[in-house]
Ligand code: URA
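Quick heads-up: it's one chain on its own, the form predicted on its own, in structure tokens.
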């Protein structure tokens, strides 16, 4: 089989066969296809219409390039979750211990940030000592002991996806439904959970800009999962506004802990509770019963205890996040005040994501280093009325940054009228 023939086929917007799909992803994972060649294939794919069967083929080809995790050793049913990415999306940090507290196993392999959307592994690695590079046996042991485990995707698990995922970010080949669906579902299928719930984001801060695109992507991923023998459901989330109060790795861990302690964060509650209910409905609960169970493990502290246990088992020290997130390591902190009276008409969430990259809270390339303590706290959002001098938010920034530029960039993300 010839790689150049496949590129030529893609240039003419033709779908690949299962065999051709196996060839390109298998050879790329084996190091026999250069990044420059794979980039040509990925860019050609960007201009091809989505096809359900090709997306399924891509998914299974990626799965074949590495190991899979056999969850049959775990007692009980297992569930998994994936979000298509968003600003301030710390839902996994909350959902994992909630589901574990409800008696359902939740082993999850997550990724690092791609573009302006944060990665769950980046957030967890802001916890001192937290170990994300685990073997399959360690994931199973920790999950069996406390009910949940969140680890990084290893080089041996879906290596074709890990390599392709990083390359897509560098060449601007991110927002393609076939590639997104195959990337997400290959990891979900390789991990082997019985139930998969998907959080499909749409809006200015998401890869899918419209609700229609999000619906299409959800249907595509559901098709792939069900064809692979999984129970799949999904919710849609609006990402025209950042989720929750904080955006930035350590700040989001702090917010997750506060939520698990019963903190009132309405939009975060809405998203996480919907995801939990979707999982519980596969166990015979209706929406009302599922929500009651969710509320109970939060109010009782059972979910918080699961999170603490998971962090400890993975070597982490959560003490800095327990009471008040300390700011000793911040090089700079700027309170952003409203310049005049008005209402926040809109927030440019994509622009906020770009600012987070600028603050080193996210990556523009796979080799970028992070400042885990950088980030933004949103004290006001779209629809809020403002008086002159009202605090809109707080920005924590690295050493050497100019405060006036920080303030200017932040205010440029808001339409205040």
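Numbering follows the first chain given and starts at 1. In this text the structure is predicted, and so the values were computed from the model without any measurement. Superpose the two forms; the largest set of C-alphas matching within 1.5 Å is the rigid core.
Keep in mind that the form predicted in complex with the named molecule is missing from the display, and what follows is about it.
- With the partner omitted from this view, the residue of 307, 259, 207, 321 that lies near the named molecule in the predicted bound form is 207 [heavy atom within 4.5 Å].
- This chain lacks the partner; the member of 179, 163, 124, 146 within 4.5 angstroms of the named molecule in the predicted bound form by a non-hydrogen atom is 179.
- In the predicted bound form, residue 184 approaches the named molecule with a heavy atom inside 4.5 Å.
- By the criterion of a heavy atom within 4.5 Å, residue 82 is counted among the residues contacting the named molecule in the predicted bound form.
- Mapping the unseen interface onto this chain, residue 168 counts among the residues with a heavy atom inside 4.5 Å of the named molecule in the predicted bound form.
- Proximity to the named molecule in the predicted bound form, taken as heavy atoms within 4.5 Å, picks out 184-192 from the listed stretches 243-251, 338-346, 184-192, 260-268.
- Contacts with the named molecule in the predicted bound form, taken as any heavy atom within 4.5 Å, map to no residue of 1-18.
- Taking 2 Å as the criterion, residue 357 does not count as shifted between the shown form and the other one: its C-alpha moves by less than this amount when the rigid core is aligned.
- Comparing the forms between the shown form and the other one, the C-alpha position of residue 42 differs by 2 angstroms or more, with the core used for superposition.
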